[in-house]
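The form predicted alone is given below as one chain in structure tokens.
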């Protein structure tokens, strides 16, 4: 590919950063990707693999505050906050709960819906000609409930999604068994979302996209960015642990580590590392046909090349705290609530850090003070799902094209005072 545009350095080799790089290359820019880790690591390795077209509801919503104590004080609850981290987290939690007011939830849902709708098709277009198209599969989500009472309670959140094109349907009894025979007979009903998809290997998908980017002329550097220096005549100099990098434009797409870099250029964000865990059952003994969700455990089970991946839970402990794999053990124990015949004894476990902002929306756009700096981070639970559209938006901005949506909900200054 002939590169005739600007030189653009993308900081971050996760799925969002690589999606930005591919779209920029297709626009004719000279692209450098820099990350201390290899492509497809961190959350891009360990996520649930689901292309969640239904995930337009922000994490904070009306009434959530009443559910938090129950989640916190259950041993197998989906949420945990380490006690020593409470003082640090309180300001973030206050903003998070305010974002759950009905009007704010609806505004965030509208913005999220643009990023997640049609994710499978967007990923297929992103993967066109890369050699990893086969890793993307269409599949419905089957979100299982223990009984009708649990379903009735859960339907409110599904109904909130309807104005944004999400069409949940309810299945019960024999219809549910036919749809997913591996499910426990004790689960009486489920919500099904038909227009979803998943990747059978999230890390391999991102690595394949990165290899494609290199074939198209991108430079991949295994370095850590330590500082950023705007240049007097425009552009940016990045100081790394192995020399400086000069670029006309810079995109920060470094996930949970992005706020530290943005602060170097005067922008401060309430970005939290929302830690998630997964367990992969390497020889699960069951073969689910599709993506299955547990309403009780708040996790997803996705059939992948390496086995059956169980992914979920939320833990707040800071960016540098060690993992607590008791959280993963909860997922392993709960696997048999979904699949009673599952073999849970041969497994691997993992922890990663979701980049989460209080209003559940990413930052997508130009920095406040530097015309050559762009942000693409904070995608919380939908980084994989929303990566292609985020990459397209960043490419549009750098090319000077007017995006076909209002970018105000994602603006960089929305948390600034």
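Numbering follows the first chain given and starts at 1. For clarity, every value in this text was computed on a predicted model and none was experimentally measured.
Not pictured, yet referred to below: the form predicted in complex with a small molecule.
Heavy atoms within 4.5 Å of the small molecule in the model of the complex map, among the stretches 138 to 146, 151 to 159, 83 to 91, 249 to 257, onto 249 to 257 alone. Checking 367, 56, 59, 382 against the small molecule in the model of the complex, a heavy atom within 4.5 Å turns up for just one residue: 382. Exactly one listed residue, out of 306, 224, 324, 121, brings a non-hydrogen atom to within 4.5 Å of the small molecule in the model of the complex: 224.
When the small molecule is considered in the model of the complex, residue 328 lies well away from it, no heavy atom lying within 4.5 Å. A residue is said to contact a partner when one of its heavy atoms sits within 4.5 Å of a partner heavy atom; residue 311 meets this definition for the small molecule in the model of the complex.
Among residues of the shown chain, residue 182 is not one whose heavy atoms approach the small molecule to within 4.5 Å in the model of the complex.
Taking non-hydrogen atoms only, residue 29 never approaches the small molecule to within 4.5 angstroms in the model of the complex.
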